[in-house]
Each structure stands twice: as structure tokens, then as C-alpha cells.
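This document opens with one chain alone, in C-alpha cells, the form predicted alone.
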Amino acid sequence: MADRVPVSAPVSGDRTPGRPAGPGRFGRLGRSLREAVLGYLFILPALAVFAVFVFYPLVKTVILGFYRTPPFPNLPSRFVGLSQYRSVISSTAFLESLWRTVLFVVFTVPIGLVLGLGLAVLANQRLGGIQIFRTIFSSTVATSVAVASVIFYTLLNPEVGLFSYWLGHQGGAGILNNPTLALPAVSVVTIWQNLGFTFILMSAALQGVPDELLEAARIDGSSQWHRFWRVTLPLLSPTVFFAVVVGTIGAFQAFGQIDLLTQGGPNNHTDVLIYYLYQQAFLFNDTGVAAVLSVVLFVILLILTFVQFRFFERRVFYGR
């Protein structure tokens, strides 16, 4: 009987003849590197656009805020460091403008959200001809700021405006020249102009609420208000959160309606932050102060957005 040759155990790193070698460490690294390079190539056009139109203007604006612009254009700007930032932020004009901006946001965002949600709930009923009302409620989404401002300028005209007649302000200075009513009037224009967008958002969100959940709550004896508060509204919370964030940013940047209706008056009572910035840049040619105001507005919106995501997003129900 022939002697058997002992077969030694395979040494680590050897591979069995006839079996293809699996991807090694360097092969995996090479593939990952190729995928990373390919991914960066895909996003390179977007990065280039952001670099030219977002990042570079932002850095340039921050640097411009360090230079004080002389009153005469033929004189060179003077480097003053952070002193211009401190003087602008602590000035009375800036603080009053910021306060008016906060009031404008408080007037427009919550009221516009409640009205848009209410109209969406009404238009979500299964009734004949409800599509007509949906079209009417969403029609303002196609209305520009300029068109909405011209419409309300006519309605608020002290001589021929219907609103001035109904509110007893026919003749005289009118509502837009009233220091107490000017900012609420501009807020009404903003709410009306943004109402169609909010209505469409809420209507789309209501279409995604499962009917079986509402039916189960109804069988359990829940009232219509209880079903809305406990079932519908939590499911709408992601859309509500989105509308609040977008509405807040839009309200801080509102400019067209103020420029067309009041030009910041009367007596600067509608001189919100973005219009104050416009005056410094294009009316007074003070680009240094305008740059500081731009950076401050950016920081305010960044902080507000962070606070909203940090403290309010935890209350949002995503259905997971």
C-alpha cells in the first residue's frame, strides 16, 4: 500500500488553485477612490456655480464691511476693521428697523399659515364643484409681488379705494400714510400674495393623510375637532414646519411690496431691515454699511433657521 503524502494546511494568504482571487484591500481602495472622483466630477458644475454666485459674493461682502465708504465717490475707502460692524449694530436706526422687521414677520407668517391651512381644510371636502374653490384659493400663487402691490394700492387709495371707503379712511392721507396702519396694511398684501402657495402646500399634505386613520378615530367616538387636532395636524407637521421656515425667510427678505406701496414711510414706520439695506446701498451709496447690514441679515436668518430646526423639528411627526 502506497504511502500517503500528508497534505499541509493552507498558509494564510494562499489561495486555492482554480479559484479567482477576491478583491484585495488595494482593489477596494482603488474602487472607492474612483467612485469618489466620479462623484466630485458630477457635483463640480454645481460647486462652480455656488462658488461664483454665492461663496465669492458672501466673502466679498464680509470684507467690504471692514471698509468705511467715504461720502464722495472719488475718495478711497478706509479700513476700519470691526468698528463699523459695532457702530451699525448698536445704532438706533438698525435696532428700530430690526424691530419693525420682527413685527412684520409676526404679522405675516402665523396669520398666513392659519389662513392657508383653514382654506385647505375647507377645500378638502368631497363636495360638488369644490374644484372651483380650489382654483380660486390657489390663484394668488400666480400673482407677482408687483401685481399684488398695484391691486392693493388701488384698493387702499384714499380717493377711489374700496378698502378705504369700507374702513372709513376715504379722503385725507389714507391708510398707507397712517403711521399706525401702514405696516399692517403691507402685511395684509404679503399674506394675500403668499396665500396661494401656503394653500397648495397644505392641500397636498392633506391628500396624504390616510383615510383609515380618520375613520378609526371616528369609530372610536372622536369629534371632528379632536380628529383634526390629534390625527390630521400631527401628520401635517412636516409641511407646517417647512411653511414656517420658508415663510420666515421670505418675510425677512420682503422688499417689493414695501418699495411700491410706502417706500419705507410714513416716517420710516415700514422701513424694515431689507429696505433699510437698500437705502444705504442705492440711495446713500454707503456700501460699507450696506455690506454690514447684509452680513447681519444673513447671520440672523442662519440663527433663526438653526433655532427652528433645533427646537421645533423634534415636535415634527414624520410617520416613522
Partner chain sequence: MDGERSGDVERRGDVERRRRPVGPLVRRILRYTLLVVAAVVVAFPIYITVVNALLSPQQIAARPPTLFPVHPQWGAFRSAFTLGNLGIFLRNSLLVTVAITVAEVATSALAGYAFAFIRFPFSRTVFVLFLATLMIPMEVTLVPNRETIVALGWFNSFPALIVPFLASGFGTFLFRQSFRGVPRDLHDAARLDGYGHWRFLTRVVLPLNRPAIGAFTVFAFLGAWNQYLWPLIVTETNGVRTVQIGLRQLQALSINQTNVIFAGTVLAALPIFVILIVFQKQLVRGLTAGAVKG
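Residue numbers count along the first chain shown, from 1. Between two forms, the rigid core is defined as the largest C-alpha subset superposing within 1.5 Å. These figures come from a predicted structure and were not determined experimentally.
Missing here is the form predicted in complex with the partner chain; even so, the following discussion is about that form.
Within this chain, Ser294 lines the site of the partner chain in the predicted complex, having a heavy atom no more than 4.5 Å away. Ser83 falls outside the set of residues with a heavy atom inside 4.5 Å of the partner chain in the predicted complex. Contact check for Ser97: no non-hydrogen atom falls within 4.5 Å of the partner chain in the predicted complex.
Though the partner is left out of this view, Gln253 does reach within 4.5 Å of the partner chain in the predicted complex, counting heavy atoms only.
The candidate stretches are 195-203, 106-114, 178-186, 83-91, and the one lying within 4.5 Å of the partner chain in the predicted complex by heavy atoms is 195-203. If you take 90-111 and check each residue for a heavy atom within 4.5 Å of the partner chain in the predicted complex, you get nothing at all. Once both forms are overlaid on the rigid core, the distance between the two CA positions of Arg34 between this form and the one not shown is 2 angstroms or more. Comparing the forms between this form and the one not shown on their rigid core, the Cα displacement of Phe282 stays under 2 Å.
Taking 2 Å as the criterion, Ile63 does not count as shifted between this form and the one not shown: its C-alpha moves by less than this amount when the rigid core is aligned.
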